[in-house]
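Before any questions on binding or motion, here is one chain by itself as structure tokens, the form predicted on its own.
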């Protein structure tokens, strides 16, 4: 890759260097969690985790494994910083985010450590642009304490079927009610909007359902305003795992394939809006 020969990049004592032949493999997954200006970046030898939060009630995490990058060098066990996500995306798309076959923007992302900017070297068609984005000390993300041991119900669906459900449900509803049960209705999505109540049911043996593992009947409501940003990840994904724990907290984990067919994950956590008594 041309950028790997950039001496300007190699001479600096960076604690993190991550390179991609196609910057879209990063920008697309970041777009799927862009609903607030700032994001917390946490890098470990396993890869990059980017976290965005809203009102301590909802959290989105994008996971980009180290092997997705053509180069991923980290000199500390954990490197963390906070940046303006909107500015970062503008920089990543500085060449227009070309979707033309065979044309891509190469990226080399470098960080020297606390107090230094995040430096992006972007190259397309022999033209190199350098962007420096101010960083802040990362805030501590909310710990939703969503533990697999406490998961009571889990289904894995093909994303197409969830997109279809959202297109048929009334999105003017203030809440999305999710019912998961070992007996009928098994998995039901409900809205209560301007055009009345709507329900969307999935049989547990539906061909759209890859896994159905429900141990108890749970009905929880979640604020639609908190869930709407997750539809960006849904649009990119091919499968989605829907899990609830004993407290009614919701986890939506999206499996996303990038332009090169590699797999990344985006996960949304959401607090329940209110307890719903079983009818």
Partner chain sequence: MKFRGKIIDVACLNHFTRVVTTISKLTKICVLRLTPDNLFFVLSGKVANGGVSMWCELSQANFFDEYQMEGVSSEDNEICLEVTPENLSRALKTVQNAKAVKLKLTKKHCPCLTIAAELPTLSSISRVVTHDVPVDVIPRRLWHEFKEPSMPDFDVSIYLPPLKTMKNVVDRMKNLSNFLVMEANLNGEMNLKIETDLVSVTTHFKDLGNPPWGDDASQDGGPSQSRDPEDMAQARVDIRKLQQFLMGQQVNPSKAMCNIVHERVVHLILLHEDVSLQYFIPAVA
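Positions refer to the first chain, counted from 1. Since this is a predicted model, take the numbers as computed values, not measurements.
The following text describes the form predicted together with its partner chain, which does not appear among the structures shown.
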For its partner chain in the model of the complex, the stretch among 133-141, 151-159, 74-82, 173-181 with residues bearing a heavy atom within 4.5 Å is 133-141
Its partner chain in the model of the complex: within 4.5 Å of a heavy atom of each of 87, 90 and 94?
yes
Determine whether any heavy atom of residue 127 comes within 4.5 Å of a heavy atom of its partner chain in the model of the complex, and answer yes or no.
yes
Can you tell me which bits of 42-60 touch its partner chain in the model of the complex, meaning any heavy atom within 4.5 Å?
none
